[in-house]
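We begin with a single chain expressed as structure tokens, specifically the form predicted on its own.
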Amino acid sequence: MKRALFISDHGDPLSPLGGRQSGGQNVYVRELGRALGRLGWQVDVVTHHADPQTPACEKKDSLRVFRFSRGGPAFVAKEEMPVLLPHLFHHVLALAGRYDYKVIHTHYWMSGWLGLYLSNRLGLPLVHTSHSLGVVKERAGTPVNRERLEAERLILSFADGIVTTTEQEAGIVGSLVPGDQSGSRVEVIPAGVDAGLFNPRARESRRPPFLLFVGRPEKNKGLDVLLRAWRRLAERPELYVVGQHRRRPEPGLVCTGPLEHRDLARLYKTAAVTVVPSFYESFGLVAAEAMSCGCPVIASDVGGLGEIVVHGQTGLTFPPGDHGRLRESLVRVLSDPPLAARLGTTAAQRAARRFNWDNIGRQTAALYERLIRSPGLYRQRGGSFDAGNCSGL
């Protein structure tokens, strides 16, 4: 049995979706672990123990989740999590002493920072997936602390393998490490969707039509932009908002709260349009899920969304933050059912080709095997390696 150690500090792969810190990263870690399991890998995930109702260790198929906390299980915002890294480090060292891991795969910058130390200590290759990059969020207007920016530069400099989900992200990674031959270490592997749930079977838009938004309650998800566009529609359809959002009641606005994947798939299959108005997305999982269900998507032309949604073919795009252009796109799709049907059909076909977890698992496993066989950076850092303070590590 080949074993991989995943570190996903705040992204518990078995936590319900739609919570304050449950989103695309959680889904990615879970589905990648399951795909690797089908190839014969045992995947152990180390994460923070945020929910007292969950056990410290939980196994589902080939995926095993180890949850650690300091002072007992309790929610900790990811912005406050760096101080927990030394505690997590010692737990992971003890875990690694019990199991013969072959590779470490870290998710998000704090996990990657921790992974640098673990890789050096354990002599294991380190693969890193950023899920979001601080420098891009900063360019999009979101404040980012210097600690994160410096940590990401170090991770991208020293990781043996870097997985990006889009070509655009790969280009940004290369620009962040001046003079480094990062191209040989970067592998573009898209994220995927669960085709057993997210598929166009039984797709039938409900009448009267409704719009769908799925996302965490964060400003960069762009819900306020969608609300401004929606309120200006002459004939306003219902707008379903999925996630942990607290909004004042108003006619036509339906806040569902967090939903399980099966219920979310039903909404994708009956929505007239799914709107992804984000100011920043490294990939855009919601768009990929909606497309897989044959639902037309209107999305900001930003980050990974620009590679997922092909304007005029699988959906429509608009400049981020431009509620006027978003309103025009909504009117265009809602008033032209043949256009909406064509966009949905093409979207489902594109999604089936690109977002297949079995293919993604094979690509990722091949990357692991190459790193295990080759003398990578993890064998060259030695005692001179310095990854900064890492909050006391």
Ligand code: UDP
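These numbers were taken from a predicted model, which means no experiment stands behind them. The numbering used is simple: start at 1 and walk along the sequence shown.
What comes next is about the form predicted in complex with the ligand, which does not appear here.
Open item on the list: Looking at heavy atoms inside 4.5 Å, which stretch does the ligand contact in the predicted complex, given the options 260 to 268, 168 to 176, 68 to 76, 152 to 160?
Closed with: This holds for exactly one stretch, 260 to 268.
TODO: Kindly indicate whether 46, 106 and 365 are, all three, within 4.5 angstroms of the ligand in the predicted complex, using heavy atoms.
DONE: Spot residues vs the ligand: no contact at all.
Task: Contact flag, residue 216 vs the ligand in the predicted complex, heavy atom cut 4.5 Å - done: Residue-level check for residue 216: yes, a contact with the ligand.
TODO: Indicate whether the ligand has at least one heavy atom within 4.5 Å of a heavy atom of residue 284 in the predicted complex.
DONE: Result yes; residue 284 sits at the interface with the ligand in the predicted complex.
Open item on the list: Test of understanding: in the predicted complex, would residue 242 fall inside 4.5 Å of the ligand by heavy atoms?
Closed with: Result yes; residue 242 sits at the interface with the ligand in the predicted complex.
- [ ] Tell me, yes or no, whether residue 27 is in contact with the ligand in the predicted complex, where a contact means a heavy atom of each within 4.5 Å.
- [x] Close contact exists here: in the predicted complex, residue 27 approaches the ligand to within 4.5 Å, heavy atoms only.
Open item on the list: Residue by residue through 82 to 108, which ones have a non-hydrogen atom no more than 4.5 angstroms from the ligand in the predicted complex?
Closed with: The stretch does not touch the partner at all.
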